[in-house]
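In structure tokens, the next block holds one chain alone, the form predicted on its own.
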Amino acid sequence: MRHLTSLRYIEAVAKSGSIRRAAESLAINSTALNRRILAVEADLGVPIFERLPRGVRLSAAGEILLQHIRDQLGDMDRVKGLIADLSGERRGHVSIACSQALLPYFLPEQISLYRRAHPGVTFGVHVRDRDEAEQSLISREADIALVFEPVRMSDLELLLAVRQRIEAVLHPDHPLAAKKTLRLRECLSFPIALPTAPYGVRHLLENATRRSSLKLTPVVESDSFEFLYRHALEEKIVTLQIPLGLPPGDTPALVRRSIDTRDVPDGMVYVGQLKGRILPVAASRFCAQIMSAFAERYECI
């Protein structure tokens, strides 16, 4: 697909904001890359990049062209997937933007399951916070987003919403471990470890405490969910997370207790794609697989 090469080059320059940096990532000469861009600009009759002292940025015409480029490249990936399916060997690449909770257990399991059936498919899994995930769809850096409590949803085509109850993670010897369901007040009466502000769990907890006289005063904060629950077990303190980010089933090392929904409402993991986009075959089939897995394990809407 040699005619798409120049389009991929323009996308790389737009992403990096620099002809030199894009040339390095593409392993080509920056002068040759600049000539390609100038040739496209000559064909269009307008500049697609504004030359700045420290790089380049898209012009208004360039923004329009970039959207066309992403549509073209996405359509070609879908066509390649359909042709590969004709031979009985599925190929393609699936790019996923996701909340951190999906990383330790759910996605490794699902990707491994898919690749056992279709080893020709490759994956890219990228952690994106509640705002960045939607931007990854818009830029076509991601095919699918799986995000807990997203900030915006204006460009997200919702495919599935997965209900997640906030859970306390405890050492088996913790005083609260003997209870079946916990009130938030009980948890906050002990030292607590929490995710930092950008994460959906923290957002739900802050909203809950604003409606009451309770205060969040974590003794440990982290961007890593895995660190938080492991640290809670080491120090025998409380951390609050969602089931998707925790080991499946019961383990002797940790106790999980649901937080009463009168105190903290359930959160939602949203599975979505860019509105109006037709996904490549591999991404579409993988999306169907994970939606089926969610529906088997959790309450979905």
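Basically, rigid core = biggest C-alpha set you can superpose within 1.5 Å across the two forms. Start at 1 and count along the sequence shown; that's the residue number. Because the structure is a prediction, the values reported are computed rather than measured.
Quick note: we don't show the form predicted in complex with the DNA, though the next part is all about it.
Peer 1: Between the options 68, 35, 275, 262, which residue brings a heavy atom to within 4.5 Å of the DNA in the predicted bound form?
Peer 2: Looking at the other structure, the residue within range turns out to be 35.
Peer 1: Taking 4.5 Å between heavy atoms as the contact cutoff, choose which of 242, 48, 56, 238 touches the DNA in the predicted bound form.
Peer 2: It is 56.
Peer 1: So which stretch, 230 to 238, 253 to 261, 266 to 274, 24 to 32, is the one near the DNA in the predicted bound form (non-hydrogen atoms, 4.5 Å)?
Peer 2: It is the stretch 24 to 32.
Peer 1: Is residue 287 one of the residues lying within 4.5 Å of the DNA in the predicted bound form, judged by heavy atom distances?
Peer 2: No, residue 287 sits far enough from the DNA in the predicted bound form that none of its heavy atoms falls within 4.5 Å.
Peer 1: Is residue 14 near the DNA? Define near as a heavy atom within 4.5 Å, in the predicted bound form.
Peer 2: No, residue 14 sits far enough from the DNA in the predicted bound form that none of its heavy atoms falls within 4.5 Å.
Peer 1: Check residue 281 for me: does it contact the DNA in the predicted bound form (non-hydrogen atoms, 4.5 angstroms)?
Peer 2: Answer no; every heavy atom of residue 281 is more than 4.5 Å from the DNA in the predicted bound form.
Peer 1: Just to confirm, residue 10 within 4.5 Å of the DNA in the predicted bound form by heavy atoms?
Peer 2: No, residue 10 stays farther than 4.5 Å from the DNA in the predicted bound form.
Peer 1: For the stretch 7 to 24, which residues lie within 4.5 Å of the DNA in the predicted bound form by non-hydrogen atom distance?
Peer 2: 18, 19, 20, 21, in sequence order.
Peer 1: After fitting the rigid core, is the C-alpha of residue 265 off by 2 Å or more between this form and the one not shown?
Peer 2: Residue 265 C-alpha, core-superposed: shift of less than 2 Å.
Peer 1: Core-aligned, does residue 52 move its Cα 2 Å or more between this form and the one not shown?
Peer 2: Yes.
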